[in-house]
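Okay, so here's just one chain, in structure tokens, the form predicted on its own.
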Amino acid sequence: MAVSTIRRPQSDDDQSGAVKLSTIDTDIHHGIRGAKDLIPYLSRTDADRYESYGVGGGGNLYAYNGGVRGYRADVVDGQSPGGLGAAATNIEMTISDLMDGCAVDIGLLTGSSMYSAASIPDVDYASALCRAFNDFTIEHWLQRDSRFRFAMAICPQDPAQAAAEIDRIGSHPQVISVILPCGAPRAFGQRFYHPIFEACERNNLTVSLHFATEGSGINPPPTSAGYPTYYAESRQSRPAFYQVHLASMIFEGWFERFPTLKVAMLEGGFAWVPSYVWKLDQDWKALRWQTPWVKQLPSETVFSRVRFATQPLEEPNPPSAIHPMIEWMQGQNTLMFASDYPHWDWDDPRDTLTQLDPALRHRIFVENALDCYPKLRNGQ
């Protein structure tokens, strides 16, 4: 089994800087404790607005899910208003509980406090909130622990301001990705979004998709049949969000236009991937005359350019069915571990996919993330 190492961009206690890797967590939901965290990073006008009304937009339609307000009961901070709110707001607890307690070598912070900004019609306010959240994260999380990396927040409904924000902080060594909530008025393969992806390419950042804001604010209903009533229903609709955006990126020629970019699909599961790529190939063969710029089988594009996070991990019956599921989607190259900390249905890396061959598990827990996020390999 290969042994992977990485050089930390900042290290106080390791003179060589080289760290052997056993676990890279690609989805950790950090956030703010309350309005006071973002106020120092906003203009007076935006600070007044935020203090009075918060993010706005449509909010989280399905906040009443499992655990305690959606989070692990043992990590909810009862002292802060509303508890944890949208994410892990206690930096020290995240470090001791997840990074140290579960031996996570590298953790990608994917936010969640600012996903709703992607549903706000006032794009200037939405962009200001994203800038503030990014600056807060850099100062309070990235500088606190060199193991953290960051998927920065942007306002995708205004590609020009989103690109400017990517150019502003995209060169930071711990900023390795841009996150796009799946709720959107247009599929992400459309040319409307090209300025965002051109900026990602300039800054060597991976494009991450994460479910959120579907049916909120300016975004259309979360399903073609409207709004699910219960959280369990909404969970079943998630694969469709990712499938729509991925098909758009394939058939609009996104992968040909941006040949160096890779895509990470977070918190969407992966059991749907095999049948999806089989159908993509079938339809491309029959209809390829409509999109002659697509030069290869969609499955070849997906397997070489797209990575899928493990969480929420489908548990097949019989359990041994996990092996063909992974084989059919070429999981040795396409699956990445994600804990989804601190959500109630998180996956502890010490207990996840332990039945796999050690070499395959190392691919999923380390190597595939290194392949997906090029900046992780800097200094290796």
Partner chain sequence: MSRHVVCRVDELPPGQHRIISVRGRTIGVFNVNGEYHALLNRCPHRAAPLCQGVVTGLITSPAQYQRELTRDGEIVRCPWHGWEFDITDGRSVFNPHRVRTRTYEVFVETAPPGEDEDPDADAAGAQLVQATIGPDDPDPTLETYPVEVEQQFVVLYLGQSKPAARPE
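Numbering follows the first chain given and starts at 1. Bear in mind that the values here come from a model prediction, so they are computed numbers and not experimental data.
There is another form of the same protein, the form predicted together with the partner chain; it is not shown, and what comes next is about it.
Contact with the partner chain, judged by heavy atoms within 4.5 Å in the predicted bound form, is confined among 347-355, 320-328, 39-47, 23-31 to 347-355. Contact annotation: residue 147 falls outside 4.5 Å of the partner chain in the predicted bound form, judged by heavy atom distances. Contact check for residue 92: no non-hydrogen atom falls within 4.5 Å of the partner chain in the predicted bound form. Within this chain, residue 286 is remote from the site of the partner chain in the predicted bound form, having no heavy atom within 4.5 Å. In the predicted bound form, none of the heavy atoms of residue 293 sits within 4.5 Å of a heavy atom of the partner chain. The partner is absent here; in the predicted bound form, the one residue of 72, 245, 238, 172 having a heavy atom within 4.5 Å of the partner chain is 72.
Contact annotation for 292-314: a single residue, 313, has a non-hydrogen atom within 4.5 angstroms of the partner chain in the predicted bound form.
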